[in-house]
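Okay, here we've got a single chain as structure tokens, the form predicted alone, with questions on binding and movement later.
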């Protein structure tokens, strides 16, 4: 049975976007083809930049025009300093991005094909030290947020605790189930205002392939029936499919010259959360998020590829003029 969709409506709850999640340093390598098991290939270039799904989504929300706070953990090392410096340059406060002694900052190794496709290996490091007690300490911030954004790059017990606290405080929760290994969706579905998996994550959650637009529609409906307020399945170049209330809608993506899809899903999530915090209805928030995510794929990297507010607004105007 579908749950009452009114709990996804943001009207009357002003406040910042609060992101609780991971902060990593990304080591990215570009290559003509991704290596097969046991194969060595030569890369064309490499780069070190700041990332992590939590930090990425916080940057995207902030650059989409909304006050944003990030709760995360790093090590007391140069990579942790790099993360805080990068966030500060994007206008985010780093008071709650705490450096912990005796543990390394999280690291992501990213391999990107010339086609723009990628594969990623994440070493959690300090992200694994974001504990349920830290969530309880942040209860006031959760209560004052317009929306709480979560991913699965922190311990699952901390994730579950954050959802419990937000539910008790009446704060809408947006969960990006990435990576979704071990996530007990049935445990939390009814407490989620928004669930935003990509096609791979939706397939893992449902135990069935999601390889087409029709598959995406079916997946969004199935996730919605689990009790989620609004289920959005992102489908890369096909855009996304969203189910809320009695609606199931496809939102096409604008055509862009894709260079690197790294971080595009995080760009979508962060911008969508910003739209909800601004009081926008889901359809409008989704349309804006698709433009923001598409724009991020036209350059390399994750956070470094995200447009600033002026560039985003210009892209929205261009998209509207083109009928997008």
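In this text, all values refer to a predicted model and were calculated from it rather than measured experimentally. Positions refer to the first chain, counted from 1.
What comes next is about the form predicted together with ligand RIB, which does not appear here.
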property: In the predicted complex, the residue from 122, 189, 152, 163 that sits within 4.5 Å of ligand RIB by heavy atoms; result: 122
property: Touches ligand RIB in the predicted complex: residue 110 (any heavy atom, 4.5 Å); result: yes
property: Ligand RIB contact in the predicted complex: residue 260, any heavy atom under 4.5 Å; result: no
property: Contact test in the predicted complex: residue 52 vs ligand RIB, heavy atoms, 4.5 Å; result: yes
property: Contact of residue 26 with ligand RIB in the predicted complex (heavy atom, 4.5 Å); result: yes
property: Answer range among 53 to 61, 35 to 43, 269 to 277, 292 to 300 for contact with ligand RIB, defined in the predicted complex as heavy atoms within 4.5 Å; result: 53 to 61
